[in-house]
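Presented as structure tokens, the chain that follows is alone, the form predicted on its own.
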């Protein structure tokens, strides 16, 4: 991280940490994990499965909310507070500003995900469930969730460079939903008799990020082995997709009239 983007990233992290919304989301995520303990005690013999499934789902849902609503405000908040003009008056390029804001939010999401992961570990420890080697799949599932956050944040940043916060939120959520059901959209297009509809479905399948590839919650719950090849594929896929989105965001933001 360069000397120009580093301070921007640190300030973004500090601002996000001071945001009460983050603490509320973490509280509800930990509360859900507490509920998982109660459900696990009722569900005899499947405590591990219930706690891991609910815990990872809580991390995914609340992290998604953080990624979207904080991501769409990365640019708009700076413009509304007019602090952006002060920053750009210094020797910093617009793309460096965007990269710093993006990195700062990723650090925030990683820290909060780590806190919720500790909550999940505490829940498993509370029910007296010893940690075994197969629990490595839980960490891999959490890593995949972080890759999802990186993609969603990049999408929110991209849309926020040329639309309002409301539209950015709607577009980001829409792309996320399309990405979750990308395979179903492609299959629907294959069954359609209309060539135009089939072409649109195929185009959507290849354009939107396939978030279903990052879903390893069920595998982690059952202690299934997650191959290293899948970890590498998902990592490369997320890195390339994020790189394209950040480059596109920088190109749009560099040409945007901020007056």
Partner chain sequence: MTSVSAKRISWVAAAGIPLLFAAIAMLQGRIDARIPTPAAGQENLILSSAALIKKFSLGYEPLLADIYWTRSVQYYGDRVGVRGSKFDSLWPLLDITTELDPKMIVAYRFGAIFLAEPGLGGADRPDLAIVLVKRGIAQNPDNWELNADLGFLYYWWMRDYPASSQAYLVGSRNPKAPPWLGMMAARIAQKGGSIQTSRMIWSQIYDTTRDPTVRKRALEMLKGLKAQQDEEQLNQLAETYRQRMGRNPASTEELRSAGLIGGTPVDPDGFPYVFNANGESKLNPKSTVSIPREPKTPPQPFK
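Positions refer to the first chain, counted from 1. As the structure is a computational prediction, the values presented were derived from the model and not from experiment.
One more form of this protein exists, namely the form predicted in complex with its partner chain; it is left out here, but the text below deals with it.
Heavy atoms within 4.5 Å of its partner chain in the model of the complex are found in one stretch of 109-117, 161-169, 132-140, 174-182, which is 174-182.
In the model of the complex, no heavy atom of residue 196 sits within 4.5 Å of its partner chain.
For residue 69, no non-hydrogen atom is located within 4.5 Å of its partner chain in the model of the complex, even though that partner is not displayed. In the model of the complex, none of the heavy atoms of residue 30 sits within 4.5 Å of a heavy atom of its partner chain.
Contact annotation: residue 201 falls outside 4.5 Å of its partner chain in the model of the complex, judged by heavy atom distances. Applying a 4.5 Å heavy atom cutoff to its partner chain in the model of the complex picks out 222, 224, 227, 229, 230, 233, 234, 236, 237, 240, 241 from 222-241, in order along the sequence.
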